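In the form predicted on its own, a lone chain appears below as structure tokens.
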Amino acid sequence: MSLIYNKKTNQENNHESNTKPPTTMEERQRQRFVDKATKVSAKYLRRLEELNGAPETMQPFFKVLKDIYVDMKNVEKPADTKIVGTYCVMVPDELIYAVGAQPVKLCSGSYTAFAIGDDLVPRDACPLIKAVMGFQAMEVMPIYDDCALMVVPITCDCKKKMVGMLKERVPTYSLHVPTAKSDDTDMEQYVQELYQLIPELEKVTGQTISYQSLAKSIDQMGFAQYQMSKFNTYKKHVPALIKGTHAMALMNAFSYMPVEQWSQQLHLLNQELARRKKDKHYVSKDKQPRIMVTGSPIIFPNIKIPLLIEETGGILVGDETCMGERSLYDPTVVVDQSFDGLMRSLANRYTRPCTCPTFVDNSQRIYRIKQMIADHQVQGVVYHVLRGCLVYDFEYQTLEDELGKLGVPVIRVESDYNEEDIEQLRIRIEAFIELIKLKDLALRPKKPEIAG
């Protein structure tokens, strides 16, 4: 039976499910999908909330994840605001805000949507792509169904093929990303790509991008980046002031909140963390192993890796993933105040500092990870690889060699979008954390023996 249904709005589907039981096979299958997807999301949200030490100001971030994944609501926005879906941090949110639309990152971590997508794309395709296509097929999430346009940067072969599949269902724009950040010719091409994106955005919104609207959106994103830099300062504290899993949750919430609302809530969280620091209210012990995670994106509700790290005795203090802090690492630096200057500043901000392995030369990523290890006093690195995510898998050996020179242990963990591998992952991560504890114990200075 086909999984591609006749197009209905999410409101119509919800109204029908609330007023009468499903009668057709398609309706029953859709209802089973919704029930299972929301149940899994609620389970992981509950684990997030029950993880010891959540600041009170985290609640709005939890609520956003609940609204989107458990209650399957749309993002908060004015009624006449269009949604533009994106699939990578290399799509400038500033351009979308400048044209009066709301950007929403549509990369998915849903196990249930992954199971549906497994029948739609090749077996060895990335689980993220499978989950995205699963949601597109089932038509139950408004953040997918209400998109006026989807923008997909071509950062891997799977995304390239996904564009073709999405175009059959919704207006989709493929954004070509340069393969070399240091090559001026490639960068010039990316600037032109951004210019070509503008009329596509204006077409779906009916509004035009002006110098004033673009400058305003750059300022709005700049405030978010400023708050993120303050948050990172608190994350470096020893002992820890916030659990890393909670930090990853607030970064996931960034995908579904208007930037001004998210920035203001992060400002309140930073104030709470400042009070925690003053009151010496910590969420970790002095000798608790400080872990960093890098590699493939970790997207709600697929947060089993960070949860396992902190449930088995570690404290997650660093996150070098594209759905985490990387999206707000560096602010847009404007030198030329003209419109073209703003565009070139955006092109630089979204590529030059980016540590995505899609680039041919990615030595900058190794440097960035080493810098984070030093800044956050990291004692071990968990390298997360989604099954089929070759671009990240390629770089593991290089990172292992470089961290070996520093004496920092690293473990590669491969996972899929299901719960079948959780116990195996738990055993490996727990053993890795115990190894760090033993290493730390061996390095501690021994107390001098007292003569009898």
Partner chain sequence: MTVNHQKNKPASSYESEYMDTLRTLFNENSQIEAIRYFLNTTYLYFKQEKMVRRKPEVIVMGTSIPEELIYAAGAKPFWILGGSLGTVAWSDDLVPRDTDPVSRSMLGFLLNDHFDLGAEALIIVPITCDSSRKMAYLLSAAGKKVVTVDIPPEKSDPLAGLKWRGQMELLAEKLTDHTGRRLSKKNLVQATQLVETARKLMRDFIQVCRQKEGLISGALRMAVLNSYYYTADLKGWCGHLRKLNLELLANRQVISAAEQSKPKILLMGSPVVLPNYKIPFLIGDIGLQIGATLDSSIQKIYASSTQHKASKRDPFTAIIESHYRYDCSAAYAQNEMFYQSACWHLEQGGIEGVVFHVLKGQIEYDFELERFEQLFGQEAIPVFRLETDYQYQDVEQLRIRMEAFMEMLAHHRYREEKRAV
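Residue numbers count along the first chain shown, from 1. Owing to the predicted nature of the structure, the values given are computational and were not obtained by experimental measurement.
If you look for the form predicted in complex with its partner chain, you will not find it shown, but the lines that follow are about it.
Looking at its partner chain in the model of the complex, residues Ser182, Tyr234 and Val408 place no heavy atom within 4.5 Å of it. Within this chain, Asp35 is remote from the site of its partner chain in the model of the complex, having no heavy atom within 4.5 Å. For the chain shown alone, Pro178 is a contact residue for its partner chain in the model of the complex, at least one non-hydrogen atom being within 4.5 angstroms. Proximity of Asn52 to its partner chain in the model of the complex: non-hydrogen atoms within 4.5 Å are absent; the residue sits far from the partner. Interface membership of Lys285, defined by any non-hydrogen atom within 4.5 Å of its partner chain in the model of the complex, is ruled out. Note on the interface: of 165 to 173, 310 to 318, 288 to 296, 336 to 344, the segment with non-hydrogen atoms within 4.5 angstroms of its partner chain in the model of the complex is 165 to 173. With the partner omitted from this view, the residue of Thr351, Thr155, Ser255, Gln379 that lies near its partner chain in the model of the complex is Thr155 [heavy atom within 4.5 Å].
Put simply, of Gln227, Thr205, Gln102, Asn362 only one has a heavy atom within 4.5 Å of its partner chain in the model of the complex, and it is Asn362.
Contacts of stretch 390 to 429 with its partner chain in the model of the complex, defined by any heavy atom lying within 4.5 Å, are made by Leu390, Val391, Asp393, Phe394, Glu395, Gln397, Thr398, Asp401, Glu414, listed in sequence order.
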